[in-house]
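Below, in C-alpha cells: the form predicted on its own, a single chain.
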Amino acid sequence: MMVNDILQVRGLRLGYGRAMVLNGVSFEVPAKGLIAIVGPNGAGKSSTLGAIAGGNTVSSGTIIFEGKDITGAAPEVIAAAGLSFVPEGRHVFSSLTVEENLRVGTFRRKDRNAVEIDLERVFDYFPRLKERLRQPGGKMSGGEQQMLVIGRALMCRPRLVLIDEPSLGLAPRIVDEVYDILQRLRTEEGLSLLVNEQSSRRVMKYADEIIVLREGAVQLRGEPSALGAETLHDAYFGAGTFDHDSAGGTV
C-alpha cells in the first residue's frame, strides 16, 4: 500500500449464489483524491461500494482502509473508523426535518459541542440546508436531498466518503453545484472521495483518475486527460455511443 493511499482494494470478488458480480476488482484511492468509477448498468459499481462499506459480503479479496484490514467488518465499525457511505437514491428520512436528518448520524458521538460545530460546518458548505432547517426531508427537491445525505455523511467526521450515483435524476446545473462542493471539501477539509457514476462526462472534469468497470472487472483506468473518448467507449460499452449523460433529470 502506498503511503499516500487511504484505501486499497485488492482482488475483490463478490457473488450472489453462483453468479459472480465482482471478479477480482483492484484499485486504490489516494488521500485527498477523487476517484470515479464509471460503467454501464450492472457493471458492479454499487456492489463495489457496498462491499467496501460493509453492506455486501465479500467472497474473497482484501479492503485496507488507512492501513487496517476492514474486509468483512460490520458497517457500523467501518463508519466509526472514518469511512462514510452515501448510497444511491438519496435515502432521507422523509418525516424528519433537515436538522433531524443531519443529527441522525451523530447519536453515538459524545462530543456534543463538536457536533454543533460540525453542523455549522455543513451549513457553510450547504447553506440551502440551513434555510430549510425545519422542513421535512421528504418535501425537499432531489438536489436538496442529495446535499442533505452528503451533509449527513459529513456529520460523522469521515476521512473517506463513498458516493453512489450523485448525479442520478438531477439537472446538470445542480450536479455541477454538488461536485463543486465536493471539490471544496477535498481542498479545504482534505476529504478523500470515491464516486460511482454511470456517465463519465462530468467526472472527467473533477476526477483524478477514472476506473471503467464492466461485467464486474476493471476494463480501464487512468487520468482523465490521458483517456481518449474512443478508448473510453471501447472500455465502457464495447459498442454504442460513449458520450452519454445520465444527469438530465429534474432539480
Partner chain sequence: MIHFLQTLIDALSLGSLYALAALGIGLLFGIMRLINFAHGDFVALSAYALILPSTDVVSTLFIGSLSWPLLIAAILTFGVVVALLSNFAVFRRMRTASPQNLMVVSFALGYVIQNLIMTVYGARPKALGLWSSLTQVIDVGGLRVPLLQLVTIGVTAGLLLGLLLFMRKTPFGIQMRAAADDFRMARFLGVRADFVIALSFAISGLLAGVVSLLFVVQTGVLAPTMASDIVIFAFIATVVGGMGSLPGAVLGGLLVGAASSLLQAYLPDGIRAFRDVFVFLFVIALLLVRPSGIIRLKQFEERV
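No experiment lies behind these values; they were computed from the predicted model shown. Positions refer to the first chain, counted from 1. C-alpha atoms forming the largest set that superposes within 1.5 Å between two forms make up the rigid core.
What comes next is about the form predicted together with the partner chain, which does not appear here.
With the partner omitted here, the residue from 79, 161, 178, 122 that has a non-hydrogen atom within 4.5 angstroms of the partner chain in the model of the complex is 79.
Remark: residue 95 counts among the residues lining the partner chain in the model of the complex, judged by a heavy atom distance of 4.5 Å or less. Mapping the unseen interface onto this chain, residue 128 falls outside it, with no heavy atom inside 4.5 Å of the partner chain in the model of the complex.
In the model of the complex, residue 40 stays away from the partner chain, with no heavy atom inside 4.5 Å. Although the partner is absent here, residue 104 is a contact residue: one of its heavy atoms lies within 4.5 angstroms of the partner chain in the model of the complex. No residue in the set 10, 32 and 64 has a non-hydrogen atom no more than 4.5 Å from the partner chain in the model of the complex. Picking from 182 to 190, 202 to 210, 221 to 229, 54 to 62 the stretch near the partner chain in the model of the complex, with a 4.5 Å limit on heavy atoms, gives 54 to 62.
Applying a 4.5 Å heavy atom cutoff to the partner chain in the model of the complex picks out 74, 75, 76, 79, 85, 87 from 64 to 88, in order along the sequence. After superposing the rigid core, the C-alpha of residue 112 moves by 2 Å or more between the shown form and the other one.
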